[in-house]
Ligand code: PEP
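Coming up is one lone chain in structure tokens, specifically the form predicted alone.
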């Protein structure tokens, strides 16, 4: 059972004290409290764990600090929507809003290679009016001999260049708890010219100690990629690890499922799950067409498969697009063959905008029909 208190409830208030005393007296019930800071208000959520079916819902709802009571309908208690349309869905970070109601694009280098390419990429994003990017400093690879990323050595100039070109948020994968500290130290030394969203790659979706570490820190939001060989429900429970440690600023990313049934694409594109995720959870939903498709092949209409896949996700209501671009794909140290070209960036963004407008029109069409 989930109790949502009145907005901006003061824990020192008489209403909160009376409510807390009543709940602590309930037999065989464990209480967990989470605070959700929205853009305009602060909400306190109290989870009652145990034999809650015996509790009188009306009696709980009548407690002085309680606004409403929600029955838990999914395993992922904190990040689940639980059929409650009023639950906060999204967050703001470093001046950028990430929610189930808007769309951001994070175009950039899958792996950071050199300052020249990073600067060229960031300048192009600035000129296109973008404030988010992706930059891989730490790269987990299947082959131990493959390039593993420049790591902490590249962070100072990546962050400095991001600040120079007005980039507010960088999606950056981390593979170990120590890398969070490296990112934090580099940003602090530079005066925090930009922000970082900690990305959890598909290989680490069930690295529970890493999930707990990212969940414990409150500075950076997280972008969790779906595990490539596990069910959607298992991946959602992985996201819940972050929330149970305190970090509810989580974006869930669909990046394709590993199966030969998806050939010739790199993975089976799973963007049909965009609306499912928005129905089941309050997380913004990201799509990663680059790692789903994995090539620059085009259909007879001359539109790249990758762009078609992006359209499928955006028309279905995706809130974030994580996509590979590179100034010189043949020189890219990781995933060059799937990277889009910088002269394709304006067309790609225009295509995304067209698809977003189509989604909004569809939303109005069906919303009016429902009325």
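Numbering follows the first chain given and starts at 1. Source: prediction; values computed, not measured.
Here the subject shifts to the form predicted in complex with the ligand, a form of this protein not shown in this document.
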**Item:** the ligand contact in the model of the complex: residue 248, any heavy atom under 4.5 Å
**Value:** no
**Asked** Heavy atom to heavy atom, is residue 90 within 4.5 Å of the ligand in the model of the complex?
**Response** no
**Exercise: residue 201 in contact with the ligand in the model of the complex, heavy atom 4.5 Å** = yes
**Request:** Give a yes/no on whether residue 196 approaches the ligand to within 4.5 Å in the model of the complex, heavy atoms considered.
**Result:** no
**Complete:** With a 4.5 Å heavy atom cut-off to the ligand in the model of the complex, the contacting stretch among 257-265, 213-221, 71-79, 284-292 is 284-292
**Among the candidates 110, 107, 155, 170, the residue which, in the model of the complex, approaches the ligand to within 4.5 Å (heavy atoms)** = 110
**Asked** From first to last in sequence, which residues of 222-245 have any non-hydrogen atom within 4.5 angstroms of the ligand in the model of the complex?
**Response** 225
